[in-house]
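Just the one chain here, the form predicted on its own, laid out as structure tokens.
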Amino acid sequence: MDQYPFHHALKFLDEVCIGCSHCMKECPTQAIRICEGKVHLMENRCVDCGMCYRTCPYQAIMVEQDDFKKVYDYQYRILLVPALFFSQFPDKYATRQIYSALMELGFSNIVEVEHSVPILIEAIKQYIQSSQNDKPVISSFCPAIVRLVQVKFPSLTENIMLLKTPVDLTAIYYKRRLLDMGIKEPEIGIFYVTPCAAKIAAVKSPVGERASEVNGVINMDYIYNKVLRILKNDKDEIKPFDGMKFVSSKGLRWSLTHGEADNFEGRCLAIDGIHNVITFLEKLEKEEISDIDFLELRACDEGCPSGILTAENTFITVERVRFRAAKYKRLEKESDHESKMLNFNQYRNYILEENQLEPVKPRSMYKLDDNMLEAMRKIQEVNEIMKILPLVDCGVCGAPSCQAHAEDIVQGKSDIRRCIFIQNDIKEGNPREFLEKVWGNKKLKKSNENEG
């Protein structure tokens, strides 16, 4: 088991939740149960993909973020921004104007995280070539996917690429640069604008490293509204930011589907949407698919532009990012284009040394017991219970499937009498008391009133 705990950025609001079970049915890792009319999260299964957040009709789920005032605790405040953030805004606002609006919020500098992509591409190429026995190499870019592999496909953890993401490398670069300028580390604050909950979790409890260089996380929808307000109120007064550096066209496309895979030779596939990823990995685990060199896997459709914290329509965002990438690709043909970009080559060796991750360890959600013999006994018990259950996956028991209910029973977390079909065969006892444990007294009382 991984020695570092999972941090979860998704928080369920008991006072708002009515136990409708929409989130339970949508969760790809069956991490949610209904207990006493409220959601109960099985934290060892949750990968912070945000599917529950998307599907909740009552806004009973929130995404945590650091207090924005934390920014002002540092003398040098660096904001790392994904390129897709600038494509959230209407076309009438130029990228340089958005940079200026961000600077008005009190940051010392604004840096797009994809500046480090060119150096990362070279590192990944070497990694793929040296990983002949561990194919396919699975990208470590999407933290929800890394955690998904850990909990649902533990046998594939050895395939996860042990290289850091662009945000990590850009943070490493900028911190080293400031330290070399004589600035003391406690004075440096690096903040990251995130499009999703999984990236918050990755900063708070990174997989494969002890700590992130990022000091705080700012939700994209939060800072989007702040910037949009500045742009609307001071549109005529905002001057384009002169300190903006160009990002490579490959870097701009990195967060889109195929943004990674298209940079490498061999058989490289890009799959988006967490349910699509699960279906594919099931085939891969069963060895029904082979001869793949590299897998770019993203939990969100179309990649990061559909993160749960984005503000603009996914497809509009993708179009704008591609348009900007095409524009920058033309600029790359100019002889002086490198002078307009951040000079990562100055710290190339240092960045490559810091680029390595520790091996990613499995954290299987199917593990029933630490003792092998006891685990085997519980598996047999689950199989016996499954012979009794109706296998309709109705969710009335408060679990997403009959399989999940059987596992909960074996673990002492549920009772077989919670199954509505089993209750029809029970002559003794009060079936209502078991349903109350799942749905709460209020729901059943309302149901009885309707019947009356």
Partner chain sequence: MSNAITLNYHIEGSDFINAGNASSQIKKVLQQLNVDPKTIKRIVVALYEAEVNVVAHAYKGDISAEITTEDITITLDDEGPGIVDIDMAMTEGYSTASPKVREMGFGAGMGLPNIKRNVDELNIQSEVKVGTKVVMKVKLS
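Everything quoted here is computed from the prediction, not taken from an experiment. Positions refer to the first chain, counted from 1.
Omitted from view is the form predicted in complex with its partner chain, to which the following refers.
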Open item on the list: Looking at heavy atoms inside 4.5 Å, which stretch does its partner chain contact in the predicted bound form, given the options 86-94, 247-255, 118-126, 148-156?
Closed with: 148-156
Open item on the list: Even though the partner isn't displayed, in the predicted bound form is residue 266 close enough to its partner chain, meaning a heavy atom within 4.5 Å?
Closed with: no
- [ ] Report whether the minimum heavy atom distance between residue 380 and its partner chain in the predicted bound form is within 4.5 Å.
- [x] yes
- [ ] Find out whether any non-hydrogen atom of residue 366 is located within 4.5 angstroms of its partner chain in the predicted bound form, and reply yes or no.
- [x] yes
Task: Contact of residue 408 with its partner chain in the predicted bound form (heavy atom, 4.5 Å) - done: no
- [ ] Using heavy atoms only and a 4.5 Å cut-off, determine which of 341, 375, 261, 316 is in contact with its partner chain in the predicted bound form.
- [x] 375
Task: The unique member of 286, 184, 333, 327 whose heavy atoms fall within 4.5 Å of its partner chain in the predicted bound form - done: 286
- [ ] Let me know which residues along 392-406 have a heavy atom within 4.5 Å of its partner chain in the predicted bound form, or say none if there are none.
- [x] 403
